[in-house]
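Before any questions on binding or motion, here is one chain by itself as structure tokens, the form predicted on its own.
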């Protein structure tokens, strides 16, 4: 692909990375050697939980993408020699370290990103114990008159991965678990806004893996992550698969790279409350999901559609369970703080752009922007809005929940479909009417659809299943697991081998 053809992709990535950091693009963005974004001053100050400076090329940390890929390829070959037992050892190491360092690393990530809540960051790291490993890879066998066929999940080799700022260490960790369980190695190009904590984790992981297995660079990381390092990673001959967890820009770039890509894109999950189930329970579950880590989860409840006949009772249930209600004037103040309105294309309506400075901030910060002091301990702000409100239509990732009044289930499903924006990511319904559940599932076709629970139930927290912070909605693989990072190989033996 020519350099001119690459220019739109470069602009996409620059806008994605810098936009999420709330910064303006530097004049040299996109030029060779230019970092995608500089670390914030707060991140430059060393603290007691920061790992010591890493020497490039040691324990997985490299200054050059191609060197990282070469080291990861050598580690992949070493892992192949260790067999399934070696993979199991790595999975155990990652899970044990994440649990042991959950408090330290939760604080480390929060200090760097200033996004989310400490208690939930700790919980996410501890919850990685439930991420599946080698046991998820079940072979398929077939025998007949003409012989035996065995199909097994084989590794790709080296995987190039991009991780987000919202769940930096958890995403790095669960990617390593899934990818190594499948027999691969990985090279990370972390989000610049959460690169320091990712580096600290990768270094500790590799030290422990090297100590037990003698493999030093099974999970590599490029330091610092730049636009050029992403492009070099995508082009490197050793990289056979890309895994991207992020927004539309970087997902678009990965899919245009020429490599196969597993892409976890954006979401704007809606909720429908039809009044046939317990409103008190529905309110508790909605608060649980929407308030989790200050609503930075891509699966988190972002807007709720409620039937008119139970609307007031549902709002009362939200208040009863601790959420703080805003007035119309307060919502207007918060909206002006939370969005910048750019002129629309072709002279159309102004387009809202989320103020990244408020993403993942605590309830008191948003309440202050709305002109009030929230009650102590309030997990969430909420208010009634129209269906076309920016807080409904944009993935805003803040602990504020817009609630929309609808006259019928059909109107609620259609409003949810429009708000979900065709991402096919996640949706929730609180209902005891199976017909309503089915109608919403068919209309939205989301990867994750949760009935009568919070969004967290979709990742095994309050529901059945397993977690992962890479949910491949754009490319269709769904919640990632070890099988996601394999290719199928068939072994056939032809002969009369049956014993009966």
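Nothing here was measured: the structure is a model prediction, and the numbers come from that model. Residue numbers count along the first chain shown, from 1.
There is another form of this protein, the form predicted together with nicotinamide-adenine-dinucleotide (NAD), and it is not shown here; the text below is about that form.
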Problem - The unique member of 157, 249, 390, 379 whose heavy atoms fall within 4.5 Å of nicotinamide-adenine-dinucleotide (NAD) in the model of the complex - result: 249
Problem - The unique member of 73, 425, 196, 203 whose heavy atoms fall within 4.5 Å of nicotinamide-adenine-dinucleotide (NAD) in the model of the complex - result: 425
Fill in the blank from the handout: Assert contact_stretch over 275 to 283, 123 to 131, 234 to 242, 394 to 402 against nicotinamide-adenine-dinucleotide (NAD) in the model of the complex, heavy atom within 4.5 Å, equals 394 to 402
Exercise for the section: For the three residues 169, 361 and 454, verify that every one has a non-hydrogen atom within 4.5 Å of nicotinamide-adenine-dinucleotide (NAD) in the model of the complex; reply yes or no. Expected result: no
Handout entry: Any non-hydrogen atom of residue 181 within 4.5 angstroms of nicotinamide-adenine-dinucleotide (NAD) in the model of the complex
Key = no
Problem - Partner contact for residue 266 in the model of the complex: nicotinamide-adenine-dinucleotide (NAD), 4.5 angstroms, heavy atom - result: yes
Practice task
Using a 4.5 Å heavy atom cut-off, state whether residue 471 contacts nicotinamide-adenine-dinucleotide (NAD) in the model of the complex.
Solution key: yes
Practice task
Using the partner position in the model of the complex, report whether residue 227 sits within 4.5 Å of nicotinamide-adenine-dinucleotide (NAD), counting heavy atoms only.
Solution key: yes
Problem - Residues in 177 to 199 close to nicotinamide-adenine-dinucleotide (NAD) in the model of the complex, defined by a heavy atom within 4.5 Å, in order - result: 189, 190, 191, 192
